[in-house]
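Just so you know, structure 1 and structure 2 below are the same protein chain in two forms, each on its own as structure tokens.
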Structure 1
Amino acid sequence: MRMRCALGAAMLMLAVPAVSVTWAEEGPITVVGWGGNWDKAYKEGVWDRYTEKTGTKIVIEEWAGEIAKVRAQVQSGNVVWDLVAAEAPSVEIGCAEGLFEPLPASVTGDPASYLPGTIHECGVASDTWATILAYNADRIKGEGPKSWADYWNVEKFPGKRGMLAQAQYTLENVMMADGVPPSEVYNELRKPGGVDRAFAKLDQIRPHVVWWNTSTQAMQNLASGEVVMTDQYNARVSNDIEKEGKNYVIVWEAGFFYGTDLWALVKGAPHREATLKLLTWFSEPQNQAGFSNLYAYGTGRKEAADFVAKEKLDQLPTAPHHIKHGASYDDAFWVENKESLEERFKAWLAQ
């Protein structure tokens, strides 16, 4: 009896790899997003609709954009992720290093039909987002901050401020607080002494800052009154206003920067063909729009806007009444300077 059991178990073990091999092609596809409500919006607005239509299962994982994790998978030959949403500079680096696969136009569609910066040799836009200044109107009654200079003005607006604990996305706000218009920020940062100027400005606000590493932390601090204002990703704030009825205000006119994350296909992805099919489907404008309808971030195809509700379009960073206050992140600046500036920022923080 025992013998037969063992034999049965052994046969089962032999059968399992066979089953998984037949599965491998059609998924489940592993997509890696930014977590939380972002992933939820992608699941409900995009992935579930694809699964419904084709039957291909999609598994969602989350990361914080650490390209080292992709590199570790590719170099060890043990790739478990198929599709990752990565920041544009990471896609640039990953593409050059061969961590991501180039996507043919047969998958992405005509590059000319995309908004500037939303299509790359190795990626297609997952979301266009902005880092904005937001405040809690329950804590700041009356007239709120109007500019990044106000964010630095602790006499006029007492209370702590939330700030992202990294150089990228923060130094831009610092320069705006120092009176530089968004369009000039990178020119000033590139000048000799430009970065020193930003760190000198940071020294001024330092005692009043509560640093954050994840949006959840920042929003929790804003809700509890630990901070009265914070820098944040725009949709995160819109989401809490809309879904949780929070009395937050996004100060678009203070100036903001926007950037694009891209879906990139990992080299050696276990379900490469299935993922390419998914990307082909995703590049249809009406399918991209599913995300923007649930979360206040834009996508790549110009025509996608035709499928997004009017009140949702108005919340996007790229809406005409917003974008006149903003400027685009300079990916080239960050590709060259990211490591050195992050290391300097980390050292500055710790001192």
Structure 2
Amino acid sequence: MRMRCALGAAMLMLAVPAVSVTWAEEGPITVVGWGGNWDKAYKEGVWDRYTEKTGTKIVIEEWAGEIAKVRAQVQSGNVVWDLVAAEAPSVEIGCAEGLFEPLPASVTGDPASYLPGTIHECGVASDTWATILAYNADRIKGEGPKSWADYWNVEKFPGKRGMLAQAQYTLENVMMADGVPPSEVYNELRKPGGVDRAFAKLDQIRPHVVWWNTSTQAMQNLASGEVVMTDQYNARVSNDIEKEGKNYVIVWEAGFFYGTDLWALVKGAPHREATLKLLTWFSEPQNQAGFSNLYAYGTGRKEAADFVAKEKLDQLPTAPHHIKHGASYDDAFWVENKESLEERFKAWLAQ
């Protein structure tokens, strides 16, 4: 999982319709998130507000996105989790397997109100993050890179580049560097020779790359000057700018892809009705914004941006002035091709 915070403006709160249920049905609801500051932001910005409003207690647990854990609970009939935040491809798989329950439109609201890729038959966005181009302005003086083509331009911008050592989240940037707009990247990758084109472009930059496997490693390389620019998850860069005073610049206009983790209701959840009530409340944009006001990831509802403090909004890939430069990761493409492309990428790295 990409471990990808200052409280903003106060937000409106919706009343949850009163429903007569027993305490066993009402809660406590067990929600499973990504840990660390991510869970902290959800607790302070969303869950505590819901508990204060309704009295429903919420227990927070942490995982690393292992869908096998959900599968084991459902198959054994011993379901202890109600709601999990899972990566979109995992929700796609889990929904097809019957591990997650389809969500009624009355719970999530009109799909047209959501950004592309942030709502699914079995899920609603918990967070929307982006893989962006960032550079160290202490190392690159004056005008910095403006595009992924500039990332490839070692004559104009000398120095090593950081790059994620895997195909997923990397090939998209490679295609943008080769002149493909974000909206056309997957069309090009699906064409005969499209993937070959991407690897040919990678060959050009390879001598200038420092590979990374964890975002912590990538940020250490950027801070030390081992690399002058890097691909990275946007919240990690924003956090170092905000909390550590780093002189980093996120180049939103270079183009980026955003991905989504989704809240998914586990099939057979012990507190199903209470969880659906929670999701109904959460699906209102002002309540989703409670997370984004504390963490530099967006959610799914377009209108949530209206309830995010201005200084935090500028950090979000879902901000209206940023999202115009972005496109959604194609989960279907990666479900179909991830295994083969990661094998090819690993073999390419070993050459």
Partner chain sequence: MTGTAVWTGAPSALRARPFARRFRGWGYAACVAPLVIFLVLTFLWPLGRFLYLAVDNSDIVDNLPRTVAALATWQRADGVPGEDVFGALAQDLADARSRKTDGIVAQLINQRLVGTRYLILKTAKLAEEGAFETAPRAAMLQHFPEWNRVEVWSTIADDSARLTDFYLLSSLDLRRTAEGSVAPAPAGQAVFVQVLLRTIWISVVVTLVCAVVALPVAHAIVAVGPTASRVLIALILFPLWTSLLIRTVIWIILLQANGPVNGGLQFLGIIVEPLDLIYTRTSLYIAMVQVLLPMMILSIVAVMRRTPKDYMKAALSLGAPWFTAWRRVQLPLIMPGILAGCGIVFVFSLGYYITPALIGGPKEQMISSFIAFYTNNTLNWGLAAALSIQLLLLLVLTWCALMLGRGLVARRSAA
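Note that the coordinates shown come from a computational prediction; the quantities given were computed from them, not determined experimentally. Residues are numbered by position in structure 1's sequence, first residue being 1.
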query: Displayed copy of the chain that is the form predicted on its own; finding: 2
query: Same-part call for G142 and I205, two rigid parts between structures 1 and 2; finding: yes
query: Relative rotation of the two rigid parts between structures 1 and 2, taken as the smaller one's turn in degrees; finding: 24
